[in-house]
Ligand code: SAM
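As structure tokens, one chain now follows by itself in the form predicted alone.
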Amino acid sequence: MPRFFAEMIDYPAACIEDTASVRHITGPLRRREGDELAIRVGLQGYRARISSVRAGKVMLEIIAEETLRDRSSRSVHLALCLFDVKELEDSLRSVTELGVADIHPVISARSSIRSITGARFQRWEAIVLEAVKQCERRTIPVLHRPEALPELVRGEARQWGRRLFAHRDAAQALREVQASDAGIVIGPEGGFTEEEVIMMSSDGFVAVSLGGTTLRAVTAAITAVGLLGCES
């Protein structure tokens, strides 16, 4: 059962009024007055009972508080060089469920997509929120606006605890990296250019291998977040 985003009106009263959620609750889930729902207000989870459904709004009464948790205490930052839109959207869902802290869409030299419309970016934000709703994680990952790879490397990425980029021929394996805060750049289907590898390496990034086989970008992104976020 998903945990829906709600607004507190006057505790213990709360409501859900975004159209998609109301339709989901009253349609496929077939929830009616008196039924219970899992909701969240900010970072706090609650068990609530539906008090009424009217005019596209679900009114709720809080029953109890419920603790929300993250999958891992580690902070994992993911930079994805743009590739096939459908596969990229699949990766957004999966890495959100795996606990990624933030996601940077990146335009690299071999990216098959060179720009993102406002409508497409809003869809990506909705995908991330739906994944948060489904997996019940506590924090909501930040989805950054697309930027060129050099801008990421010389900007936001310098705040990452460990800076990594996926490279098939790297001497170090990603599974060997142990860090409480790390970020990784996943290249496009055509890989990084030699100039991009030199640029990242000279700025302190370390090349890491995800294994002996060549992974598609979507698989590499999911694998990287899963390995970096795994606590022993």
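Numbering starts at 1 and runs along the sequence shown. Here the structure is a predicted model, which is why all the values come from computation and not from measurement.
Below, we refer to the form predicted in complex with S-adenosylmethionine (SAM), which is not included among the displayed structures.
Undergrad: Quick one: does Gly45 come within 4.5 Å of S-adenosylmethionine (SAM) in the model of the complex, counting heavy atoms only?
TA: Although S-adenosylmethionine (SAM) is absent here, Gly45 would stay clear of it in the model of the complex, with no heavy atoms inside 4.5 Å.
Undergrad: Using a 4.5 Å heavy atom cut-off, state whether Arg23 contacts S-adenosylmethionine (SAM) in the model of the complex.
TA: Contact check for Arg23: no, nothing within 4.5 Å of S-adenosylmethionine (SAM) in the model of the complex.
Undergrad: Decide whether Cys15 counts as a contact residue for S-adenosylmethionine (SAM) in the model of the complex under a heavy atom distance cut-off of 4.5 Å.
TA: Cys15 lies outside the contact set for S-adenosylmethionine (SAM).
Undergrad: Is Val208 close enough to touch S-adenosylmethionine (SAM) in the model of the complex, meaning at least one heavy atom pair within 4.5 Å?
TA: Although S-adenosylmethionine (SAM) is absent here, Val208 would touch it in the model of the complex, with heavy atoms inside 4.5 Å.
Undergrad: Can you check 45-53, 25-33, 182-190, 59-67 and let me know which stretch has heavy atoms within 4.5 Å of S-adenosylmethionine (SAM) in the model of the complex?
TA: Careful reading of the contacts points to 182-190.
Undergrad: Determine the residues of 144-168 with a heavy atom within 4.5 Å of S-adenosylmethionine (SAM) in the model of the complex and present them in sequence order; the list may be empty.
TA: In sequence order, Ala166, His167, Arg168 come within 4.5 Å of the partner.
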